[in-house]
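Form predicted on its own, single chain, as structure tokens, below.
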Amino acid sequence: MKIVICASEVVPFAKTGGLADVCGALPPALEKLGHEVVIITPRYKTSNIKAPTPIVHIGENVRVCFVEHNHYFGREGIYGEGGGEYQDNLERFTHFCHESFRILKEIKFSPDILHCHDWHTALIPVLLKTNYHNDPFFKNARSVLTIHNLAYQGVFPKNQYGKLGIDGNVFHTQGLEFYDQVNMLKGGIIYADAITTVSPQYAKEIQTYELGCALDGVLRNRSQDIYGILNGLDYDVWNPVDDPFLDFSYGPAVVNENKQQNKLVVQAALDLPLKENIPMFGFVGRLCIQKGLDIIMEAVDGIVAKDGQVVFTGVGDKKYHRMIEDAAQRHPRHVGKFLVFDERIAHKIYAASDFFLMPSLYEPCGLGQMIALRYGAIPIVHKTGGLADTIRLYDPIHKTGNGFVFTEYTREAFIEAVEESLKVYKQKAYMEDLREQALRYRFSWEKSAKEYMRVYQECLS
């Protein structure tokens, strides 16, 4: 099968979140199953491509084709700068979508599947069924749209519709019109042959009023064509056995000893008291409302009162930067912070933490909880989206489950989950068993790739 992955960001060339990880890991996994895969992505100023040619390879033989346009993509940011979006993002990613078709013809790659990701590529399914409807080069092509986060839809004023370059008028309620605006993601949802989300639970949640972000009705109309496929994790990158960022590597046999040594390293870096036997709660992620920062900050005083340490790394909303700074000033011996985006620091915090805080308000998939398990940091999560699909409540008696889960999104429910984690921490045998179990979990990209192949085959049949 000939498969094209179209995405606005792909590891290792550009990354702001989990989208890039997926689009960097899925193509090699599809290739290993025997398929021919091409990636198309913008060539940003920050892409750090040394090859003079616009085509490079990842994996064994996955071709990566770059859309080059200095005005649109030769900027400091990917989507915007200084916390704001670029005003011409509709034009930038419209150009990217049109260029994707041109590039495929140029390299003579007539696809079976055009797999598009999020609103930035959602125009491709629309163009396939309008501009390229009668083009023999694309006569066998079908489109799949993956929604990584429904909250980001690419909504623009209706006077920009003419810039999309669509043959015919699709600015109506069964097309891109959305409350008298242009909605790129809505167009992709309506015109794609299949829609996937990055976890089974999220596929259900986006069809509800509460989490449908005003597109729940549109999605329910396509319910027969929506599939939830859990993301995998790249265990070559996230592996405490040979992680180059760690001072003390470990596997299941030495996790309990060497996690303590990594904890001392992070404590020293943050000027926290050097204590091996103190529970450390780690947070790695964007500082935003989605990630549960509000209820985390409400629980910090209680964790500190029980002699727990809380360490943060990430960047985001200034409101949460201030809240974390205030907590660190109030509790200099218990709260530490690296308010930066730094891959090295993230690895160190996963390795140092006993527990990983991920009480997300909503979470399409989440990679943080998967990484945390791999590093023996036990997740404390809200039962939503991919968190509900991957984390089960720990039962020390039957030795089942892999974390601490709360159902109601309230401060009280979260604090109760934290308190349950502290009870287990005090029982050394339970805690050691839980850590050792956590390291054995695997969320395989091979499994996910096989599920995508079934969706592709459904489309083609």
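Remember, predicted model here, so these are calculated numbers, not experimental data. Heads up: residue numbers just count along the shown sequence, starting at 1.
The same protein has a further form, the form predicted together with a small molecule, not shown here; the description that follows concerns it.
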From 227, 341, 86, 235: within 4.5 Å of the small molecule in the model of the complex by heavy atoms is 341
The listed residue (314, 282, 385, 125) that reaches within 4.5 Å of the small molecule in the model of the complex by any heavy atom is 314
Would you classify residue 358 as touching the small molecule in the model of the complex, given a 4.5 Å non-hydrogen atom cut-off? yes
(Q) Quick check on residue 290: any heavy atom within 4.5 Å of the small molecule in the model of the complex? (A) yes
Note to self: I'd like to know whether residue 202 contacts the small molecule in the model of the complex, with contact meaning heavy atoms within 4.5 angstroms.
What the structure shows: no
Is it the case that residue 23, even though its partner is missing from this view, gets within 4.5 Å of the small molecule in the model of the complex, heavy atoms only?
no
message: Suppose contact means a heavy atom within 4.5 Å; in the model of the complex, does that hold for all of 286, 366 and 371 with the small molecule?
response: yes
Testing 207-215, 301-309, 342-350, 183-191 against the small molecule in the model of the complex with a 4.5 Å heavy atom criterion leaves exactly one stretch, namely 342-350
